[in-house]
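The chain below stands alone, shown as structure tokens; this is the form predicted on its own.
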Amino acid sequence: MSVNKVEIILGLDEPKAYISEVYSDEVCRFSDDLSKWLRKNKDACAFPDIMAVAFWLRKGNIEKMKKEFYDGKIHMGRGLIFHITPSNVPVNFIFSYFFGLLSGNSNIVRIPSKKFPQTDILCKAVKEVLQNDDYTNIRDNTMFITYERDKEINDYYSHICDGRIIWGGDGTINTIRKSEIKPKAVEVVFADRYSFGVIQSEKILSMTEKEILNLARGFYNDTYIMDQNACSTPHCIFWLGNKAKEASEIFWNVVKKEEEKYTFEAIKAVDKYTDLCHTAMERTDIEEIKIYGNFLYVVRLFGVPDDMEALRGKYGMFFECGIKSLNDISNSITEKSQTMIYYGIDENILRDFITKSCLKGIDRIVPFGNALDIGVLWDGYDIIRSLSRVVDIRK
């Protein structure tokens, strides 16, 4: 491998493949110390996505995950995990890194090549906290790198790893898979996914002003914070019931007020308007386009399209459609459907919908405001169990 093609952001030239027990005490303490560092740092506090990372890493959350995981068996790491993280999400790499750590592994993490201040802050935080001699094992077995697309480098790190995590589009995954891994190595893949929301329309009409504002704020957090780039961000809202248009008008007018705090550069405005023009020219199922100023475009469709996953907006462009039953969207759900965000729908109705429809897609169903809450259960994987091994001891 050509070493000069790889920029080492943090760590040794190559980790030692140190293995520990799942949710080791050292890793759990490191996670909490990193959380504290981020919450005290002025630069870190300026970014909501970093604060979400800090909240996830805190002691209480990690202990809760550990308690839910524990089954009395011995769970150990597999060795060295090679992470290929997405280039368009600045904080994703740190979650992937901790999935590897919590499952007892050493880690080589390819961080985004695109420059983000959040990425720089997180790398600085990890580096400083790892200076603590209590974390020697973690420090010696952590490597953050960046490099341009290069099959030789992919081949090298894939060959030495005991597990590989790939975050990215289908093209990226197929490219990385050309680099072989060991026969016993495991692979966890997070591919292109699509997410949407469902709101019981009658509920909107009976909500207080404060309740609607909280719903709009949750929607803002699910969408605008990540520029609608996250795989779990809803692109289309389905209005369930008989009051779709009335509920829609109330909801979007409140969202319009909430999203005015969104940082909206000129290039985003141009890209969004261009997308809207293309959508208007190409789709024949548009009932109405409503423009709530530069920050918010809403495209209303006549019915549920067969190509639901093609309904993708960015920077504040959304689609919507009225439905009478959840079954109306069943035929449009594929294995690419990831998260369904909901409001005002009974849990038993949601359970029946999933189990009786026998869908290939939908791995998460969460309330509005929780779309970006990443967890160890993601895309249908139990990630910690996937990246670790069970040692079976019998009497």
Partner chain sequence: MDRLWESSPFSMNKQEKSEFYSEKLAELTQKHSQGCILYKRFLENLKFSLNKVYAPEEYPFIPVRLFKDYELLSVDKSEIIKTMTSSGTTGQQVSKIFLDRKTSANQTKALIKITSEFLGKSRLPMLIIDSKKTVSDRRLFSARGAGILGFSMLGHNLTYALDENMELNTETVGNFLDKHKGEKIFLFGFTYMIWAHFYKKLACLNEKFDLSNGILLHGGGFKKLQDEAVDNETYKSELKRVCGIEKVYNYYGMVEQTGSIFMECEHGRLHASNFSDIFIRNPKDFSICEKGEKGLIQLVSVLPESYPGTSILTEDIGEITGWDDCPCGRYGKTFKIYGRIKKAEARGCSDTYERK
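All of these numbers come straight from a predicted model, not from anything done at the bench. Positions refer to the first chain, counted from 1. Between two forms, the rigid core is the largest collection of C-alphas that superpose within 1.5 Å.
We do not show the form predicted together with the partner chain, though everything after this point is about it.
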| query | finding |
| --- | --- |
| Contact test in the predicted complex: residue 206 vs the partner chain, heavy atoms, 4.5 Å | no |
| Any non-hydrogen atom of residue 278 within 4.5 angstroms of the partner chain in the predicted complex | yes |
| In the predicted complex, residue 109 touching the partner chain (heavy atom, 4.5 Å) | no |
| In the predicted complex, residue 200 touching the partner chain (heavy atom, 4.5 Å) | no |
| Heavy atom of each of 183, 237 and 335 within 4.5 Å of the partner chain in the predicted complex | no |
| Stretch in contact, per heavy atom within 4.5 angstroms of the partner chain in the predicted complex, of 137-145, 224-232, 208-216, 124-132 | 224-232 |
| In the predicted complex, the residue from 318, 98, 156, 264 that sits within 4.5 Å of the partner chain by heavy atoms | 264 |
| Candidate from 114, 257, 245, 177 lying within 4.5 Å of the partner chain in the predicted complex - any heavy atom | 114 |
| Residues of stretch 285-324 in contact with the partner chain in the predicted complex (4.5 Å, non-hydrogen atom) | 286, 288, 289, 291, 293, 294, 295, 297, 315 |
| Is_shifted residue 47 between this form and the one not shown (CA, 2 Å cut-off, rigid core) | yes |
| Yes/no, residue 118 Cα shift of 2 Å or more between this form and the one not shown with rigid core fixed | yes |
